[in-house]
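The chain below stands alone and is given in structure tokens; this is the form predicted on its own.
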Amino acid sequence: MSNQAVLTAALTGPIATKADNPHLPTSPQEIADAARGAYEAGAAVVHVHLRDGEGRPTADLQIARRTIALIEESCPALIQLSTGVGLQVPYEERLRLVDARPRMATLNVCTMSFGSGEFRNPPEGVRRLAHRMRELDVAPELELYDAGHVEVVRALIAEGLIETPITCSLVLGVQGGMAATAENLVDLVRRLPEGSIWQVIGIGRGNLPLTAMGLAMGGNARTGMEDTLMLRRGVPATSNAELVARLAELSRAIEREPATVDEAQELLGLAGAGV
């Protein structure tokens, strides 16, 4: 187990709105400001969803480039751009987002039910996206919502579309994926290819307990206003920084110091990689 833990801040997400929490960042400048606050609180990575002028999820490449540039001006955190975008955004638009050349981007490997909607990730499209990310030297971060997703990852490895060791997120608590339980987390970790670099994403009420378990098991962890809008029951979060500070305190309490950006690059296998 590493003495350092890579902490990621998921700043916005595709679902919540300012009506749910007025502190949710949606404009490029708000997202950049939130990235700086999260970095200062201990996050080495910022996970970025994009919103249009009406606050809706978008895969607009100009908005992506502007948001990335503003984040880079505001802080040195590693940028991980979401290609998940939103359930209503066509896959072909989502695929083109990697042309913004972030350091990392998500690669969702399976179509699945997602709450009351459908999260489309067609097999042929997933393979094209994986190939394009290799062409652009954008590091893939695999988001795994269920045990069967691990087998799809193994197939992508066998086809030479992604390299090992993989970097992945184990997402628990989405209706349609695995429930946010300790048993499911342990099972997913056991199924991963040897040497995998993983972090825990716990959705809603599962955010704090699942990330705590993941850190204790030697993994990395994510928090932020995509994953939970609440600091605790009945207390809305006022910023991403507040949620990251809580996670950083937890990590230090079990003697796992939050990784710096340089340390995170080493731990995630990004040192020396292209941008």
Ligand code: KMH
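In this text, residue numbers run from 1 along the sequence as written. Quick caveat, the model's predicted, so the values are computed rather than measured.
The form predicted in complex with the named molecule is left out here; the points below concern that form.
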| property | result |
| --- | --- |
| In the predicted bound form, the one of 85, 97, 150, 78 near the named molecule [non-hydrogen atom within 4.5 angstroms] | 85 |
| One stretch from 206-214, 61-69, 233-241, 47-55 that, in the predicted bound form, holds residues within 4.5 Å of the named molecule by heavy atom | 47-55 |
| Close approach of residue 108 to the named molecule in the predicted bound form, 4.5 Å, heavy atom | yes |
| Heavy atom of residue 114 within 4.5 Å of the named molecule in the predicted bound form | yes |
| 4.5 Å heavy atom contact, residue 198 to the named molecule in the predicted bound form | no |
| Interface membership of residue 91, the named molecule in the predicted bound form, 4.5 Å heavy atom rule | no |
| Contacts with the named molecule in the predicted bound form, stretch 198-233 (heavy atom within 4.5 Å) | 226 |
